[in-house]
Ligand SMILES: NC(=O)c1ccc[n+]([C@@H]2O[C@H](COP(=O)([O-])OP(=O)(O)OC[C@H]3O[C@@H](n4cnc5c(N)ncnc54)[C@H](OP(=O)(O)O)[C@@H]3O)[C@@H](O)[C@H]2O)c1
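This document opens with one chain alone, in structure tokens, the form predicted on its own.
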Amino acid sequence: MTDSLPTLAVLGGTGAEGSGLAFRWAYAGYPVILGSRSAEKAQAGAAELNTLLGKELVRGMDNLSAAKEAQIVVLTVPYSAQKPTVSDVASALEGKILVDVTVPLVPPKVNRVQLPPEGSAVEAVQKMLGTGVKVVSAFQNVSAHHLKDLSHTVECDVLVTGDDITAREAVITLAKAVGLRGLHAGPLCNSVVAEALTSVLISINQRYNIPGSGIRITGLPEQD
């Protein structure tokens, strides 16, 4: 099955969001590599996921090695580490899709929208990398809370933005593999909406004492 699916590198894959997405993709049959600044930490994270999966499906490497081996790279690091991580792996990204999950949260007031001067965190990365890398923004509004619980349906649509429609479609396929509905949400500049929504959802979680609120887009036809 994995022969026909792209290899995914999840950078920052030892964190809650990255490891949760990696777990779901590995379960769906994708070859997955966890990336971290420390290869040893990545290998330990991969071992934990393999224990949950009951099979040796995930590998762990340092971020650059992981990015080199993958066809699609997923960036799930905190905002403060976004640009340094991209700079470290830029040489391995040319000609590939980079899925950026970054949200510009600025502690301690993470429940307040604090967008960067560039407009959105993901747009800033596209400018760094140039047109040789197809940057797509997605998964910012998906709570990590239930990702490793396969019995739980994660109730959230995924807004997928990017300047390359084919790259967006590839990420929508990844969303479906996780059990989510991915939606074309326009060019990369629209990522500002998904990035800002995360702070709104954090506020809702705090106010109503829930682990992970999400969004649904209504009015669309039912999809298979």
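Quick caveat: nothing in here was measured; it's all calculated off a predicted structure. Residues carry their position along the shown sequence, with the first being 1.
As for the form predicted in complex with the named molecule, it is not shown, yet the points below apply to it.
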So the named molecule isn't shown here. In the model of the complex, which residue out of 154, 128, 92, 81 has a non-hydrogen atom within 4.5 Å of it?
81
May I ask you to state whether residue 15 is within 4.5 Å of the named molecule in the model of the complex, using heavy atom distances?
yes
How about residue 176 - does it come within 4.5 Å of the named molecule in the model of the complex, if we only consider non-hydrogen atoms?
no
Can you check whether residue 120 is within 4.5 Å of the named molecule in the model of the complex, heavy atom basis?
no
Looking in the model of the complex, any heavy atom of residue 101 within 4.5 Å of the named molecule?
yes
Hey, of 34 to 42, 155 to 163, 177 to 185, 64 to 72, which bit sits against the named molecule in the model of the complex at 4.5 Å between non-hydrogen atoms?
34 to 42
Which residues within 120 to 148 place at least one heavy atom within 4.5 Å of the named molecule in the model of the complex?
139, 140, 142, 143, 144
